Structure formats: structure tokens, C-alpha cells
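Only one chain is given next, in C-alpha cells, and it is the form predicted on its own.
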């Protein structure tokens, strides 16, 4: 059997939720990943040092049998200098959500007024705190990310020393933006490397493939594949794995999010293998993230094997991508 080994895999965009969901879902990421950048959009969101410490304690308690580093994030607000200095040693990034644009983002930014944001963003630049951004407007759903490019340019130009991560990019426009500004970086999900909008709604609607940003056109997917497969040094893996109870996905008002955490590495191996680029997967899933964020992941070795694996129908009531279907790679061992 063909095997492939990954060292210190990192998921630089992960939703773990809280409570029972956290307890059920966190072990699935902790098993195969050395660490993950954990999103702060809880209810209420993570906005204080006490919130950060308490949430990290709950995550660590949920994964007692695995080494797993939760890289913590703070929900963006216009914080002052003293507060940012007090939390800098406890967070890896601050996450900015446009208000109401995705799950639990109601308290996000409603106006990108540079002068109002300047004190916070300049202090983040000085302290070396990256800004992660969910980059969508509230326009027509297929155009939301492309329309947000002007805001990325505004931020990149005004804060050239601020490291800005364009989260879960889905368009050729975002890929093209990468090399225009030195301080722009990006995460890419595994599902956006595989599906287009046609897979979501071209035939029978598939609610478990519905996410925000929504999957786009084939030419957008090809642009994402190009930078991922080439292990572009400014691009890294972030699953945006987003668990929702089955009844919230299979209902009117379907919740946005694709749950890939338990099969992310297997799917990535398949994508890179099909394009004869397995040698570049290590950079995409670990090395680039460590360089971009300046982190050093704890050692973990994951051996994957090319053999059929049937994806479970659900994990504790959360339906994964490809539930019940057979995929081409499986995890053989983790050390």
C-alpha cells in the first residue's frame, strides 16, 4: 500500500464551539493535528483575557489523551493599547468578522473606517499580532468575496506592517490579491479545493456542503488548487471545519458550515496525490503556517495510507462531508 507521512500538521482555521459540542468534536482534531487556530465566535464571543484563558482551559480539558495546542484568537473590536498589551502573550491572532455575515458574527465590524480602526491595528502591528479576516460583503452571494478585495487593499495599504490573513479564500480574485501586497496571506479549506457551487446546488441540494463563503466557479477552484498544490509560501491550510447538529443542517434556514475535521488530512492526501504533488503537502499543512505565524508546533507524526475508508454517517450527531461514502485515503497511525 502507498503511504505518506505528515509531520506536525496544523489546522489554521477551526471551529470547536463550546459545551457538549466542544467535548465531542475537539478530540477529532486533536487526534491527527498538532494544533489549530481556534475561532472566537462563540455566544457570547471571546473578547477578554478571562474569556481566552477559560476557553483554552475547556479545550484542553476536552482532549486529555492527545497533545494538541489550541492557538487562541480574540474577536475583533477596537481595543485600546493597554488591553492589547495585556492579551498579546495569550493569543496568536485577532479575528475580524463583518457584522452579521456568518455564524455568530452579529457583533462584528459594521463600518471599515480606517481612522476609527487605526489605534487598534497600529498597536497590533507593533505587537506582532496578525489580523485574520472573514472577507465578504453583504452583496450578491457569488460576488461577496470579490467585492471585499477593495477592503483588503485598504487595510494592506494603510497598515503595511500588519500581517493580514485572508481567511478561507474561494475566488481567483483573492488568489490574485496575494502577491499584490507583501503583508497579505491566506488560508484555504480542503472542501473549496474539491467542490464548486454545482456540487452544492446543481442537482439535489446538499446541505452538508453549504458553507460561507459559498463554493464558487470551476475557474476559482482551479486558482485555489494552483497555489495550494504549489505550496505557495503565503498560503496555508485552514479547514474552517464548522460543526452543526444534524437538525440545524437539514432544515429550513440551513446553518452554514462543512464539517471536515475527522477526514481533512485524508482528503488533502487524495487531492495532492491526484495531482502528483504529495511532496508539497507538508508545506501546505504545516511548514507555511509555522513560518507565517512564527509558531513552533509540537512533534506529531501522522502516517496515511492509500486504501478505501468509509466515512461514518455522523460523529456524535454531526454529519461530515462525504458521510457514508468511500474516500481513497485513511489514517494508518499517529505518534
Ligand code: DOR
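Residue numbers count along the first chain shown, from 1. Since the model is a prediction, treat every value here as computed from it, not as a measurement.
Not on display, but discussed next: the form predicted in complex with the named molecule.
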Review point. Which residue among 196, 103, 125, 137 has a heavy atom within 4.5 angstroms of the named molecule in the predicted bound form?
Key: 103
Check your understanding: Heavy atom within 4.5 Å of the named molecule in the predicted bound form: which of 242, 165, 93, 190?
Key -> 242
Check your understanding: Would residue 280 show up as a contact with the named molecule in the predicted bound form if we use heavy atoms at 4.5 Å?
Key -> no
Practice item. Check whether residue 232 has any heavy atom within 4.5 Å of a heavy atom of the named molecule in the predicted bound form, and answer yes or no. Key: no
Review point. With the partner left out of view, is residue 263 within 4.5 angstroms of the named molecule in the predicted bound form by any non-hydrogen atom?
Key: no
Practice item. Consider residue 132 of the chain shown here, and say whether it contacts the named molecule in the predicted bound form, taking contact as heavy atoms within 4.5 Å. Key: no
Check your understanding: Of the listed stretches (222-230, 151-159, 208-216, 172-180), which one has a non-hydrogen atom within 4.5 Å of the named molecule in the predicted bound form?
Key -> 208-216
Revision key, fill the gap. Near the named molecule in the predicted bound form, with a heavy atom at 4.5 Å or closer, the residues from 33-57 are 41
